[in-house]
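Shown next as structure tokens: one chain only, the form predicted on its own.
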Amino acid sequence: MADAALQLKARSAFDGLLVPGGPKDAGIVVTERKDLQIATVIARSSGFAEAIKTAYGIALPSGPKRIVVHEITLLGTGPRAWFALRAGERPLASDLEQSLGEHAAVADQSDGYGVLRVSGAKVRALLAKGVPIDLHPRAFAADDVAVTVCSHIGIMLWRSDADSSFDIAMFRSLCGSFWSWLSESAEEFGLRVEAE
């Protein structure tokens, strides 16, 4: 019989790494996105686009783009593949499975990823140290998505808005390595960690 005192407790992917604080004029501002439900979605049939439009009113863009409808964010990550996110505790994967049925394979990834929002006046200079793509606004506009690497760590990167703000998702097991790179690379610009 299991001991009632031994209960698993959810921990942040960046638990013990991010300590709130830093200079107010920091060139880099980091916020962990803790409250996200995450799922991968892969289309199984040609009826997928119609099924997701009927269920959520989402007209899927082609290519690596971000779309937000009804509190659900879908990121195009490859042919017939999306990364889905929703804030809150309501299980996203089961909602998607029910709504999309046989048209999609859905897998819950909520505990498998860490997600940071990185912003500030020097965010592009910081990311240029590790990301091998052009992040200038003319080349990587709002709602653009990239599946790439940052300092040899696999990431998903997307512009969440029109200002200097990027969201970055990586496998949970790589969060410590990613944070080491980010915190060291941001030293010259000043780094502030904010609570979500």
Partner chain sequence: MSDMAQPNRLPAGGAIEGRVDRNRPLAFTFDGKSYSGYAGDTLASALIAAGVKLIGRSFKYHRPRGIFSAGPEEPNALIELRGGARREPNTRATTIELYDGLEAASQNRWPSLAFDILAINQIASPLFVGGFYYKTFMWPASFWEKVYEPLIRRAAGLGRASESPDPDHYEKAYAFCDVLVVGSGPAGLAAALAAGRSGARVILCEDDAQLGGRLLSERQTIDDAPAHLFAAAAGGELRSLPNVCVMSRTQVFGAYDSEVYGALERVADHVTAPAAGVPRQRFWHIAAKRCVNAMGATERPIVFGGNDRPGVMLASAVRTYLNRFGVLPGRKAVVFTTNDDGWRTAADLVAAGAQVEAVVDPRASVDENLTKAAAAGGVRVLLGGYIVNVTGGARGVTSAIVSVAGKRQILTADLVAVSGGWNPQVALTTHRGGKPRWSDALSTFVPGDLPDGMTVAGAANGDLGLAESLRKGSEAGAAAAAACGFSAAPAPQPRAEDEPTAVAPLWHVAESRHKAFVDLQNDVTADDITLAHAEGFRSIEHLKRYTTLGMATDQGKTSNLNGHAMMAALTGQAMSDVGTILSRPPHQPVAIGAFAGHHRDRHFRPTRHTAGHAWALENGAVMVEAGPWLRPQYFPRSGEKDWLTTVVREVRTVRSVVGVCDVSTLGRIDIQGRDAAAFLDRVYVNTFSTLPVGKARYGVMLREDGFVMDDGTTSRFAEDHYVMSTTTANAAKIMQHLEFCHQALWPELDVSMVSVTEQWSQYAVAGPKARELLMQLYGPDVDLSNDALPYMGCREIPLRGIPTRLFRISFSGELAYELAVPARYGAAVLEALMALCGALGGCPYGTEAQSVMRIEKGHVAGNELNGQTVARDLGLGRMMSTKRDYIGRVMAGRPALMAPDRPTLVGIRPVEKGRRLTAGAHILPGGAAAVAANDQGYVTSVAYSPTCEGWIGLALVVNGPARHGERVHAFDAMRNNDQDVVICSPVFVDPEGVRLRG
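Residue numbers count along the first chain shown, from 1. Quick caveat: nothing in here was measured; it's all calculated off a predicted structure.
Beyond the structure shown, there is the form predicted together with its partner chain, which is absent from this document and is the topic of what follows.
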Inset, instruction - Although its partner chain is absent from this view, report whether G112 comes within 4.5 Å of it in the predicted complex, heavy atoms only. - result: yes
Inset, instruction - Report whether the minimum heavy atom distance between D95 and its partner chain in the predicted complex is within 4.5 Å. - result: no
Legend entry - Heavy atom of D134 within 4.5 Å of its partner chain in the predicted complex: yes
Legend entry - its partner chain contact at V19 in the predicted complex, heavy atom, 4.5 Å: no
Legend entry - Interface residues of 35-67 toward its partner chain, as seen in the predicted complex [heavy atoms, 4.5 Å]: L36, T40, I42, R44
